[in-house]
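A lone chain, given as structure tokens: the form predicted on its own.
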Amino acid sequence: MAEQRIRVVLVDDHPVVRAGVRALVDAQDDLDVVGEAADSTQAVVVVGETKPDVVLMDLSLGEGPGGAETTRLLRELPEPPQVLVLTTYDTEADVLEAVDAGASGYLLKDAPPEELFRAIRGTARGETVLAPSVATRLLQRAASPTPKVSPREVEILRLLAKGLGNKEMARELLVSEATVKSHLSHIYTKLGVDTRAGAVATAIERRILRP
């Protein structure tokens, strides 16, 4: 019995790009382009009608929702396809937004055809497929985490969560108010916030404090 072909939908707002990718993909014995879309609305309709295994998704779709938001919409469908981002953008923000939206892979448009074909097949199998530059960027991010909060700063955060003011915290910790203010400044910088409420919320979100 012949091997089942992988059904692919292309989502890109440039017709010439879609035509080029379609010609490459359709030339493979095991790949079959079953639909195309130029924007988010079309993508949801086409995917709903064709039930593809993999969607090749550009991040820039002109006006309206972009590729990341469209990926999120597709992944929420009753029979969601795997999504492989195929784009020219490789910034950390773009990569993280797409992955957070549910993309299984992230490939750049300058990838050789054989790399694209392998990526489609891997994505169809449920594998995570990343362009080398994207994988390197994510590894660098993991190796350079945000600065750690010190034990004393955790104490300050716990007191903040209880609603204590600077003077009360200074009394509780047997330090000066100036020291408390210094700790707060360091905490705000490390957590990327500028308010007490923001510091507590972020500390809980990052599991520094218990809710």
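Everything numeric here is computed off the predicted structure, so don't read it as measured data. Residue numbers run from 1 along the displayed sequence. In this text, the rigid core denotes the largest set of C-alpha atoms whose superposition between the two forms falls within 1.5 Å.
Although not depicted, the form predicted together with the DNA is the subject of the following passage.
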{"item": "Partner-proximal stretch of 31-39, 45-53, 148-156, 59-67 relative to the DNA in the model of the complex, 4.5 angstroms, heavy atom", "value": "148-156"}
{"item": "Contact flag, Ala178 vs the DNA in the model of the complex, heavy atom cut 4.5 Å", "value": "yes"}
{"item": "Any non-hydrogen atom of Lys167 within 4.5 angstroms of the DNA in the model of the complex", "value": "yes"}
{"item": "4.5 Å heavy atom contact, Arg18 and the DNA in the model of the complex", "value": "no"}
{"item": "Heavy atom of Ala161 within 4.5 Å of the DNA in the model of the complex", "value": "no"}
{"item": "Sequence-ordered residues of 4-39 touching the DNA in the model of the complex, heavy atom within 4.5 Å", "value": "none"}
{"item": "Core-aligned C-alpha movement of Pro15 between this form and the one not shown, 2 Å or more", "value": "no"}
{"item": "Core fit, then Glu69 C-alpha moves 2 Å or more between this form and the one not shown", "value": "no"}
{"item": "Ser60: Cα shift of 2 Å or greater between this form and the one not shown (core-aligned)", "value": "no"}
